[in-house]
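Subsequent text provides structure tokens for two forms of one protein chain, presented individually as structure 1 and structure 2.
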Structure 1
Amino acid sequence: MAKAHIINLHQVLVETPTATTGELSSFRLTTTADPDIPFTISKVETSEKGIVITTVESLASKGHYQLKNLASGDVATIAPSLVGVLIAILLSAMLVQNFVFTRYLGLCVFFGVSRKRETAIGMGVTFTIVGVLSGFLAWVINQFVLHPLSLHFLQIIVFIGIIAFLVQIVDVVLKKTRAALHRKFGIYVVLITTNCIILAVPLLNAMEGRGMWESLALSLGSGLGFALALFLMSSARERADLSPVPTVFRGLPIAFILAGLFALSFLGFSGLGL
């Protein structure tokens, strides 16, 4: 069978240039999860690109379906594009569901290292590297060890161990190669081990059963989103330090106000249909 894909909530396009009248009434559309429950097809018609099948029930753009030609026995699988899914997960973790400004996670490190732009950029890069590596290793161990052996109750302990191992490596490397930056980070490098964001990512991947590429996309997106939040906050706090802020608002009070304004601005991304 030719390629098939969803074009709107009620129509599927079968790309075939040789559609005939005998083929129009010989299709069966089901979900991949429930192949025994077919959709009700209300109309089948030809177009310039192929055959358009109209269903009574609504179709989900992210759903997985099977379209079978009963006459020939051919089966076409309809699934969202992997590249599109990865881009959607990446942008969603960065903007729409930013872990700092929309889920309010990782605030300890966020407020601790966002006073200077240099420190914020360094922590953003460090956090992203640790996040991607820990997300990948956690997915591998969960997929090939914890899940097959039904050891799901050990997920939090195992994931924290993976993160702690990677953080210690990063801490040693920074101390040997970038001692000045390591001193600026202070205790916050070690606090990455118990950071809510870096622990939430592998847990979300495990709970939602994501594949390897989807897990990497969420890990990268959360790290880039955290780095973006740090950069924006550090830029705003540097400007605030040079502004005539009332004494009572200096320090953390103005930082909380700025964070609240950024959170309000990030709500504007909530309307994006990713």
Structure 2
Amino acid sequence: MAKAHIINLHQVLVETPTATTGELSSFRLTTTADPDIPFTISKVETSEKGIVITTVESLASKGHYQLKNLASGDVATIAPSLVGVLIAILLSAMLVQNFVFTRYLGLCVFFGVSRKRETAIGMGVTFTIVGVLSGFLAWVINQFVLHPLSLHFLQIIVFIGIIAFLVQIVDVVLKKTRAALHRKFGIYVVLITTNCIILAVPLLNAMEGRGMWESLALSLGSGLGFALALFLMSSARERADLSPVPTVFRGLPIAFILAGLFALSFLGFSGLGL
């Protein structure tokens, strides 16, 4: 059977080259996760593009389904396109589920380096690069070592080891090959170990059993989201430093209030529905 995809809440389009007129009883549509419970098919029509199957129950546009042609025995799988899923993960990690403002991770580093815009940008860039590297390495180790050997309880120890190892390597390599770059970004590289986002990403990937590309998308999204949060925050704090803030609120307290306001505005992204 050829390609099939969901066109709206109740309809699946099957692109068949041969115009097979289907009957209601000749198709069986189930979810991939649970192939024992078929959907009730109310109508099967032929259009110029292929066969349109209408179901009684509603379908999720991002769901994974299996369509079987009982007459010929062919099976078509319906899955959202990988690129779409990756973009959804990326945007969701950046905005809807921003690690700083909605999951409250990486706050120590966030408040520590967001006082000046220049340091904020440096930290954001460094963190994104190292985060993607460590996310990938952690995925490889989890997929090919921890998972096959059922060593899930070692995840925390192994992941933190990978991160510490990677941070050391990046630091040394940068120092030996790009001394100017190291003078500028070296301090951020060392600080990365204390950022809990970098540990949270591999743990989340492992918990939800994500594949390689999805893991990479989450790593990249979390890094970009962190960089975005740092940039916004540092811009606001530079202004707050020049404003007549009450004495007891100077410094960290006002920074927390500002972060709260940012978190409130990030709530607005939850309407994106990714």
Partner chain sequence: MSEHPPLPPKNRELIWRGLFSENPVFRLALSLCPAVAVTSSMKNGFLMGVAVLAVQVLSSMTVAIARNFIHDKVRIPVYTIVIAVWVSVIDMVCAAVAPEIYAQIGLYIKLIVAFAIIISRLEVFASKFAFLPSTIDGFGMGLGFCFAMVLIGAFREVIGNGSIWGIELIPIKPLLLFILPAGGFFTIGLLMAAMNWIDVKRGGKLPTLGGGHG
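One-based numbering along structure 1's sequence throughout. We call the rigid core whatever largest set of C-alpha positions still superposes within 1.5 Å between the two forms. Not measured: the values here are computed from a predicted model.
Structure that is the form predicted together with its partner chain (1 or 2)
Between the two, the form predicted together with its partner chain is shown as structure 2, not structure 1.
Glu118: CA shift of at least 2 Å between structure 1 and structure 2 after core fit?
Superposed on the core, Glu118 moves its C-alpha less than 2 Å between structure 1 and structure 2.
Comparing between structure 1 and structure 2 on the rigid core, is the C-alpha shift at Ala180 2 Å or larger?
True for Ala180: a C-alpha shift of 2 Å or more.
Does the distance between the two CA positions of Ser81 reach 2 Å or more between structure 1 and structure 2, the core being superposed?
Ser81 C-alpha, core-superposed: shift of less than 2 Å.
For Glu48, give the CA shift between structure 1 and structure 2 in Å, the superposition being done on the rigid core.
The shift comes out to 4.0 Å.
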